[in-house]
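Next up is one chain by itself, shown in structure tokens, the form predicted on its own.
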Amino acid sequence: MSDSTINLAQVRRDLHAIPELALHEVQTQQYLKKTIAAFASDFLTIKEVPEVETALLVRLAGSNSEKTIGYRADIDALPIEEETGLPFASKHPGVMHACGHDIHMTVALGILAYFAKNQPKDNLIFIFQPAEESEAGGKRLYEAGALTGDFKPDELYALHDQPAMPAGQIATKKGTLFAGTTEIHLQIVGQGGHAAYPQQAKDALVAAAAFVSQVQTVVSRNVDPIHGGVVTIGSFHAGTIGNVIAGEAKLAGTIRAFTQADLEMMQKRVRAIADGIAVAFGVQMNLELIQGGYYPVENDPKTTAAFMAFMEEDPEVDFAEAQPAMTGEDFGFLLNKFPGTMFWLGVGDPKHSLHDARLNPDEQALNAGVQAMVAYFKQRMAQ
């Protein structure tokens, strides 16, 4: 962007090289602070949040301070060993920006750089939020009271990169964009024994297998087919050797739905199945369902209508209407508290999906994302 004071590609590469897990984004926060400090102006304020130590908030006081527009970027990474072979690949073993949060932060910094140099009409706040992938960072910030007073947005925006879309393309929809999620953690405690004497044991592995099989009916027989939903058990650990009956099993999975009502109903059905398995197999089912702050991402009708109309009419923007996705995002919690819009930004790597160790976004998306959001915010402020 002509008025930007940062090299977007270099910033993205710097951030990509230092990925950190949820609530441990210390280096990332230091990099953000150093970069933003270089934008210093008499209308820029940086704020830290003691209750969420790695969070960073930035406020640009507008020349007409009647309204506050917020923009959120998540800053954490995933426990994935990077396999891209890039010269700026992760320096932290076993951790990678495999969900593109380095892209998210860089676009936010690009927008911030522009408005730090060109004072906005309305107040602008930037929320660099930790712990999106786990630990519900958005909810933590809200409950810490960080988004109040001068840092309370009247409307709030955020993007998520999408490798399946062309670099720079923007897409969203009215209503629910992403699903709400609930994590499943289950420990089954039975009684181990010799494989030759099953009558003397309580087989945790067989009970676990029954649970996995039965939860497949939660969606197919309880959720309206038009609504959609997912119950996936992605981790199953039981037993140590073939001639010993397992006395314990541990499972982990996820529940996903497009409405909070469906999500809560599915939670009840999973719990009911666990209770039934406990009785049928004589085992103890220690089930933990963790929803935290992962609500469905429900775009606000007014802000989304304005956003879509602008993006569709701007000849510089490649815009497409999105379909809902089962992707989970803790921005859903913040949209439950403030009106706003989340959108996809295409990053042009169709061979690799989000959370893939080989994900390599096309950096041309950076400038396209910054330009589109700067133009939209300027138009939004002029209204």
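In this text, residue numbers run from 1 along the sequence as written. Keep in mind it's a predicted model, so treat the numbers as computed, not measured.
What comes next is about the form predicted in complex with a small molecule, which does not appear here.
Every residue of the trio 133, 183 and 254 has some heavy atom no more than 4.5 Å from the small molecule in the predicted complex. Though the partner is left out of this view, residue 95 does not reach within 4.5 Å of the small molecule in the predicted complex, counting heavy atoms only. When contacts are judged by a 4.5 Å heavy atom cut-off, residue 115 does not count as touching the small molecule in the predicted complex.
For the chain shown alone, residue 295 is not a contact residue for the small molecule in the predicted complex, no non-hydrogen atom being within 4.5 angstroms. Among residues of the shown chain, residue 328 is one whose heavy atoms approach the small molecule to within 4.5 Å in the predicted complex.
Proximity to the small molecule in the predicted complex, taken as a non-hydrogen atom within 4.5 angstroms, holds for one residue of 173, 160, 121, 269, which is 160. Checked against the small molecule in the predicted complex, the candidates 47, 337, 33, 355 yield a single residue with a heavy atom inside 4.5 Å, and that residue is 355. In short, of 22 to 30, 59 to 67, 345 to 353, 320 to 328 it is 320 to 328 that has heavy atoms within 4.5 Å of the small molecule in the predicted complex.
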